[in-house]
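In structure tokens, the next block holds one chain alone, the form predicted alone.
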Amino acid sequence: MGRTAQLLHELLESAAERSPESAALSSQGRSLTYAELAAASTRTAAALQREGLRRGDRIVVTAADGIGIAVLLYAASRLGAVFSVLHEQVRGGPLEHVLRDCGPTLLVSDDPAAGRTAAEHGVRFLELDELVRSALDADTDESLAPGGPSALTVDPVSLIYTSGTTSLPKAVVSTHQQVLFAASAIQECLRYRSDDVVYCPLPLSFDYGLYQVYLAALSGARLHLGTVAEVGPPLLRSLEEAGATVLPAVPSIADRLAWLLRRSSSGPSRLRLLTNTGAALSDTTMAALRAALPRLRIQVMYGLTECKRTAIMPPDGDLDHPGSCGLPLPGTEVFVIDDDGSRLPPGQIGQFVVRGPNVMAGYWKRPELTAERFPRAEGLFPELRTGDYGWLDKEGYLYFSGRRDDLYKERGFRLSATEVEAAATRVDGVTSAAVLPPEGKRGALLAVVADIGADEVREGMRDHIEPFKIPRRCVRLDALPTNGNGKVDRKKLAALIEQAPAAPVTAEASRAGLAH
């Protein structure tokens, strides 16, 4: 075993010492060993240093090249710089907001249009391909020039921008210490192996995707970076060709995999583990996956960017604790409080609070919001008031009820969109579901992907939820629109529904052209 990592790039150093010739990263027709990745990140760090980058400087990267991004983030760590990975489609106003907000020294991208935006804001620009290709093509070792003190474990290493429902995206500040603790605690639960091939269909701008880079280094696994095209209809073939053994999924990807498996005579032969976060997996999807892939284990998880991961279920633990999202990470605590901040006993619904080294440092340049969400109470670590509601059972398992912005009122009742969606997906024939809370004169609306009619969905929900919680309107769609992270895009969903004829949106929607 290599030395214990204190700084992010030391994860890579340890992996390169243990297994220098093992494959670290792969994508379409490209791969790097751990030794090659470590050397490339060192050369890139030296190149950035020559560009004037120093400890504490911010580097923003927006690109599609996952291998290049991984090289760059380890290089930033070597410099003591702070990186922020944005989705490749972040352009225009959203990109300008980030440049104004975090004041980066450098923007790295594969799009010349991003370079023009950088110039308008006085930010230096480099092309990712040129920067990384020169580091990969070099055949000499390179080291950083002597400078000031190296980064400390409590120094920031990344800013992860997360969207709010009513404001511009805000950045969660993560230190080396917090990232390393979270990654190690997650690895303790998931137990990736050195012979694993982790097929990652998620962008590295999504922290779930980004942490696959760290988990691979911790375990010595190979991380295969999938593309959007690979996780569409060719998903089964993509998994098989990559030799995938682990699939970090969100519900839209798991639903698609289950759908494809039901229509195929064979599945990915080596796949042993599927993890899920972002939203709850439906019972229908998990049953279909287990039926088609008997050796597959499923681990459901729950988390927020502000603490990375809150809870992880033991493998297949959902079978013994249906509806739960797992146990708190090792070395952390989760408890439930009421509106006055008092702790609640098991079984009572309140707000989840997380304590432990996984709680991130706060929000960049948002002192008031940081004080509100990250109060320092008892002990060493700040608490995170998650804004998520649920309850704990006597064994410590978490049960998620809904987010603060997921709760809505209709007909005098306080309802949870998450609870309604879960009830819909328990109906036979329903693959996925999303609720649009009331807005203006429009009441709550349920959108489903299903093999049965909208009225049948609503009727079937009566077996799983109180009738007053069932939205009066339901529409069937071929697919739920998703964002770059694979989560349901409710703005796109609302726009899609608004394009429908003004007729009542129940079973009639199928005749209006919205359904199968």
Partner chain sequence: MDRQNVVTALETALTDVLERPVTGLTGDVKLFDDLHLDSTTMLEMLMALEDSIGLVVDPEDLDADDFVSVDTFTDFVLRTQLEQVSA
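These numbers were taken from a predicted model, which means no experiment stands behind them. Numbering follows the first chain given and starts at 1.
Keep in mind that the form predicted in complex with its partner chain is missing from the display, and what follows is about it.
Taking a 4.5 Å heavy atom cutoff to its partner chain in the predicted bound form, the contact residue among Ala182, Val430, Leu218, Val231 is Val231. Residue Ser264 is the only one of Ser264, Ser150, Thr162, Gln348 with a heavy atom lying within 4.5 Å of its partner chain in the predicted bound form.
The closest heavy atom approach of Gln49 to its partner chain in the predicted bound form falls outside 4.5 Å. Its partner chain is not shown here, but in the predicted bound form it comes within 4.5 Å of a heavy atom of Leu496. Proximity of Arg256 to its partner chain in the predicted bound form: non-hydrogen atoms within 4.5 Å are present. Taking the partner from the other structure, its partner chain in the predicted bound form has no heavy atom within 4.5 Å of any heavy atom of Leu445. Residue heavy atoms within 4.5 Å of its partner chain in the predicted bound form occur in exactly one stretch of 30 to 38, 53 to 61, 476 to 484, 456 to 464, and that stretch is 476 to 484.
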